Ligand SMILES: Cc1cc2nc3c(=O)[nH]c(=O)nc-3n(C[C@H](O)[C@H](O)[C@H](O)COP(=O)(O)OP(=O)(O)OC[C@H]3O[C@@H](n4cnc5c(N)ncnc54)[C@H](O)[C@@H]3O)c2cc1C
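Take a look at this single chain, the form predicted on its own, given in structure tokens.
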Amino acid sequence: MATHEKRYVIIGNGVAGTTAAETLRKNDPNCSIHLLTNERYPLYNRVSLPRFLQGVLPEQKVMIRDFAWHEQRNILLITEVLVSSVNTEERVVRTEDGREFPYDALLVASGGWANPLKVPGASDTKHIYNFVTLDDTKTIVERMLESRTALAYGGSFIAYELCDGFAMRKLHTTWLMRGPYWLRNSLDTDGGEVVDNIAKKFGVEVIHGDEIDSVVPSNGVPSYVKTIKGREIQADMIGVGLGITLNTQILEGSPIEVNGGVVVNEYLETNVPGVYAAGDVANFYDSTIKRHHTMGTWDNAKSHGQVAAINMAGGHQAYVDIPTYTSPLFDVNIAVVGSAESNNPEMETVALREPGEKGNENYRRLFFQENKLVGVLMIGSPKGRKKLIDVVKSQQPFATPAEREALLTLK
């Protein structure tokens, strides 16, 4: 009986999807690979978008792959296409333009959509931006060049990156967030103050504990926003960082389990054999903290793509990794290692705040579960980060408060 070449379909060409395609091709020169994306670009570096926003990195430096790279590897990249449904019985992916892509193994690496600002006056007003894609970044840069005032809204990484970009472009910048401090699920009051002080040094006005009540436009563009506490904040443009909604609606009507993401086991396979998920959209099993969760970091997505591809091709490799995320925070760096969730009741934390360089402060917070270090958050000096990553990997217990606090000064 003749057998056909193995057919792989990957939904999403971010770092998870593209890494999976590359890995599949290396392991099987004869398979067919369809890589589907709603964007018009091959893979680009989302981690570099903040520096492109600031004007310190040109667009060509953001790109990682080009169309020729896919052609050379016989990876069929289908751009500007939206998936409409997945039929797991027929093993076929359907798109909104009527095409069908049959598969033997499927990877869902569809990421998510940025949540829009939903307040009176927002829907019909131009120059209110999310900041997720390369096209988002281009349109924001265009508006920044003709603006004087800007508002960054939210307590997320996206919101501070917008704030950073506005301030670096010398706009009068206000940073508004509902919570008591930035990244409230990971920092404490001291850490929040460290971030506020960094932003204020760049002329940013930081407002906590308030939120936008309405946008007041003039001639279809923002004039100012009203807050629920009665403030009026001028803004020629508004950048919004209010989280994402994972792109799981393409799986509606299928038996694939979705619960805070596409649920996968330690091999990144869903409850439906032959269907895998990777990257932001995957609710994966994290062996370090021994539970399922989602994580929106570049390193995590890349590792997911590699492991998923190995298993799609018949391997049996468990996902075990300590994801890390680093980002410039104005003129300092922030690093997050592993799982840094202070809102998790199973975790205990210790923190240290001390003077740093350039008039800034250093801050680090360590997260422990069952006496083992599972997460690290560092602002400022990166000294000791590699050693702390090794400690997380070792899963060595630290039973006493003194042992844990000693890690705070590890260099």
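Each residue number is its position in the shown sequence, starting from 1. If you're wondering where the values come from, they're calculated on a predicted model, not measured in any experiment.
Quick note: we don't show the form predicted together with the named molecule, though the next part is all about it.
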Option from 222 to 230, 69 to 77, 325 to 333, 188 to 196 whose residues, in the model of the complex, bring a heavy atom within 4.5 Å of the named molecule: 325 to 333
Taking the shortest heavy atom distance, is residue 15 within 4.5 Å of the named molecule in the model of the complex? yes
Looking at the partner-bound form in the model of the complex, is residue 28 within 4.5 Å of the named molecule by any heavy atom? no
Is there a heavy atom of residue 47 no more than 4.5 Å from a heavy atom of the named molecule in the model of the complex? yes
If you check in the model of the complex, is residue 165 within 4.5 Å of the named molecule, heavy atoms only? no
Go through 115, 283, 288, 297 and name the one with a heavy atom inside 4.5 Å of the named molecule in the model of the complex. 297
Contact assignment for the named molecule in the model of the complex, among 155, 338, 261, 111, heavy atom within 4.5 Å: 111
For the heavy atom contacts within 4.5 Å of the named molecule in the model of the complex, list the residues of 72 to 90 involved, in sequence order. 81, 82, 83
